[in-house]
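Next up: a single chain in structure tokens, the form predicted alone.
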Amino acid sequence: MSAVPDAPLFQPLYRQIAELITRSLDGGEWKPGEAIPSELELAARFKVSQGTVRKAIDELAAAHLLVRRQGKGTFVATHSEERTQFRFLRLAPDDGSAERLSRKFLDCRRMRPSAEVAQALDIPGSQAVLQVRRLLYFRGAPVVLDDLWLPLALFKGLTGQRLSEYEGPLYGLFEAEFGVRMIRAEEQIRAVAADADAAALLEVGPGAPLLSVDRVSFTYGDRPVELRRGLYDTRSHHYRNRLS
């Protein structure tokens, strides 16, 4: 194969190699959790120096696409790993304690998307989606009410029963059984008042202040594959983010 893909001349070589590796990840050449070839093997494959490959892998590791393991090699990142499975959940307890969350799925139905959902997922309005509703609990108390919309074409066979039976992280299920890996997300956050439905499910008073988090998650190639609207009860939790 050629050493580099078609790309603007100003794009650094290591980023072109990172793009080639990402294409292989997207194509399923290496599955989540599997080791990728060594730096020397990749350097020979792409006809570049080992240093260029190392820099490309460093960039992909920083983007959570790859994971380096000392003495073992470099592996495709997976949402099933403890350190990455809650990467997109930014809610933290005010007292700083470590908490294990639990969840309860309330609904999973096939539906025609609204114009807003279709636009967010970049799909035709005639294409069906799955709507999933769930509650997340900390210490037995409901803290997050999530509504998710997923393109049905990518998640055929996903049912409420399968969601309830799966014990691992939701994104782990998506990548393991449907081959859809969430790479990055964009969020919009605003303060809202709880309506009667959300108040009853989150066990707060009607009109109570909630944090509304709208998230679009993307897979390889910046393709949107999930729209999520979460309502967060922040009476004893806060939304935490790290800027760099």
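Just count from 1 along the sequence shown to find any residue number. Fair warning: this is a prediction, and the values are worked out from it, not measured in the lab.
In what follows, reference is made to the form predicted in complex with the DNA, a form of this protein that is not presented.
The DNA in the model of the complex is not approached by S217, whose heavy atoms all lie more than 4.5 angstroms from it. The DNA in the model of the complex comes within 4.5 Å of no heavy atom belonging to G27. Put simply, G205 is far from the DNA in the model of the complex: not one heavy atom of it is within 4.5 Å. Proximity of R69 to the DNA in the model of the complex falls within the 4.5 Å heavy atom cutoff.
With the DNA omitted here, the record of contacts in the model of the complex names 49 to 57 of 49 to 57, 197 to 205, 171 to 179, 184 to 192, defined by a heavy atom within 4.5 Å. Residue in contact with the DNA in the model of the complex (any heavy atom within 4.5 Å), chosen from P142, G160, P93, G73: G73.
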